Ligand code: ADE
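A single chain, nothing else alongside it, follows as structure tokens in the form predicted on its own.
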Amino acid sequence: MNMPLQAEGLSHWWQGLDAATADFIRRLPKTEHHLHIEGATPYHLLREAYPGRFPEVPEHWQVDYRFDSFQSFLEILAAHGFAWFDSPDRYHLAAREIFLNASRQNVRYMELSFDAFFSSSQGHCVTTIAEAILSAAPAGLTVKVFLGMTRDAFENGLEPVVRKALASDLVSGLDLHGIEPLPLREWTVDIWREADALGKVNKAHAGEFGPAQNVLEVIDRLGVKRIQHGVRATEDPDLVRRLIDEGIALDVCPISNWRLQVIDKPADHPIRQLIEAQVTCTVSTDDPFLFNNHLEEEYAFLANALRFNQSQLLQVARNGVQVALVPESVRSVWLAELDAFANA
């Protein structure tokens, strides 16, 4: 059974779009670069595994639901994620559902992370989890897996887990997760630099709940070229210029930002300002179980709330291909496909 597209969430941002734009979004070849597998728990599988434990429709799937704090978001994530992800097989099953859902939305490439503490606290081997996720990818979908960890991860005894991930070709890189108010530890700087020397591609969450200074910090201290969120970079014009000049990409999640009250109103989202300044921005779902969203819906959000036209939506898709971790020969084919799509 495939995970359904939640109709309630999908109906919200599609309302008011003309048929041509809606069709354009659905047919557009897409990529996704910011997805937490624990935040993408396939809810119907969870309910089937634990009959009567979870309601048919979670409260946080309501159309206008917004989390009152990041802590409440984390509590809901943990209550459902820990219940489901108790074995490598369940990572595989969840990934299979996620990937099939993505393929139905014309997604060609995905990057997703799994949390080091989340998996290791259940006694799972980091490379076994990565293999379980990657083996679920269907033909026609390229998948890259990242190991995520919070800013206090090593204090939780995760150094051996991280080093095992760095030694594995199954893990493409590291992703520094929240919580942003925590200071950046020196071990983080050391391990990110070590990962970079090993050829890994590293990311960091910054500029979501924290200020533009946090984005600048992870660029300077961790050397990352991929920022997860980063939307508060608009507070610092010099930083925006640096993002452009150094080709640093922001993997933005507009619906997540609205649901978590990073922005006050959908029309306030700074992705339009960033893209018009020529910052490389991609769009992703972040935690679709929590936000009841899908990648097509993120594009619908751009078209509906921010009045992106088809050319701008196409540019977002092109940005995703430009930063994808694929050989140049593959990138050229995908870009040519987007060109043909635009011309058609």
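Since we're looking at a predicted model, the values are computed, not measured. For every residue, the number given is its place in the sequence shown, counted from 1.
The same protein has a further form, the form predicted together with the named molecule, not shown here; the description that follows concerns it.
- Partner proximity in the predicted complex, defined as non-hydrogen atoms within 4.5 angstroms of the named molecule, places exactly one of 72 to 80, 216 to 224, 116 to 124, 162 to 170 at the interface: 72 to 80.
- The shortest heavy atom separation between E208 and the named molecule in the predicted complex is within 4.5 Å.
- Interface membership of V240, defined by any non-hydrogen atom within 4.5 Å of the named molecule in the predicted complex, is ruled out.
- Taking the partner from elsewhere, P88 is found to have every heavy atom lying beyond 4.5 Å of the named molecule in the predicted complex.
- Contact annotation: H177 falls within 4.5 Å of the named molecule in the predicted complex, judged by heavy atom distances.
- Each of H36, L260 and D286 is positioned with at least one heavy atom within 4.5 Å of the named molecule in the predicted complex.
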